[in-house]
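Alright, here's a single protein chain in two forms, structure 1 and structure 2, each given by itself as structure tokens.
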Structure 1
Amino acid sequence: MRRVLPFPVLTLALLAMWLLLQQSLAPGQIILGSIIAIFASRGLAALQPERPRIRNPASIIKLIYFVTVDVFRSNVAVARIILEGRRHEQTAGFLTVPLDLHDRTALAILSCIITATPGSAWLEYDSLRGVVLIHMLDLVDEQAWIDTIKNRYERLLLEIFQ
């Protein structure tokens, strides 16, 4: 099983993507999509990536909810900063956050969450020290941001992956 389908979830996701793109559930499309999905996931296996282990799927829903709410709030906040046109030099700044997260998949997800959220961007991560450098557009209360990242996202990602 492992040899034929090294990444079963990925294969299923690729098949689902294929069917969504074709907008059809015709048997021909299912067969074609399956062939593509199987070969593509075997192609990924050739790269020998780490296999992410999801321990707590329920937390994923919670994480998606948190991220949606936060991204919406940041959209409003950043749109306001842009439209008010006030001076930003005082409020934008760099922030270093120590992380307890070491799983590579979880770190990749965290970096995408932070960068996709308007107003914060993940700049560089050091795996030896476990420290990340983040740029914030509105850095008024450093500790509040560190708490948000650590308690909201990192805690959930730790539950999911480690």
Structure 2
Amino acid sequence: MRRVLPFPVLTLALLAMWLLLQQSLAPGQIILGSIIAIFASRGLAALQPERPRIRNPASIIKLIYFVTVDVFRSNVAVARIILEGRRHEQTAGFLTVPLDLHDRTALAILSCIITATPGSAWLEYDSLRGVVLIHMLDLVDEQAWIDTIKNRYERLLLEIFQ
């Protein structure tokens, strides 16, 4: 069964997404969505992703809380920058953050968090040096951003995955 459906939950989620996007439960859409979902999950299996080991599930709740609060704050800050227009001094810049994370899943989650937070974008990760390059829309205090990323996100991701 694992050879046909290597990721059964993903397959069902993809089928559900297909049916929601098509807004139809017609038999043809169910069959077509099933075929697409099965091939997509088998395609993912061909990439052979490593299964993450979650060491501290309680830290996931803390991480979700921090990300939610920070995304809300960033939305407000970006809206303020946009509404102030030229009156706000432009302080956009690039930030290099050294990371202790090496787990690929944790790095992917961190990149999603940073990119999903308005006003920041994960640009490049140098695995040899363990450094990430981030673009910040409002880069006033570099060290404050580095501390936020390392102490809020990276610390919790290390607790979860290592």
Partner chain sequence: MTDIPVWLAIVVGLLSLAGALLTLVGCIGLARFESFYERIHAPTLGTSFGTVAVLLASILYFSVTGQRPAIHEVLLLVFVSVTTPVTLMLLARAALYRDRAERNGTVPPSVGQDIVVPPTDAKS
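Definition used throughout: the rigid core is the maximal C-alpha set that superposes within 1.5 Å between two forms. If you're wondering where the values come from, they're calculated on a predicted model, not measured in any experiment. Here, a residue number simply tells you its place in the sequence of structure 1, counted from 1.
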Pick out the form predicted alone: structure 1 or structure 2. 2
Hinge between rigid units, forms compared between the two structures, options 28, 23, 61, 48, answer 48
Through how many degrees does the small rigid part swing between the two structures? 33
Give the rigid core superposed Cα shift of residue 18 between the two structures, in Å, rounded to one decimal. 9.4
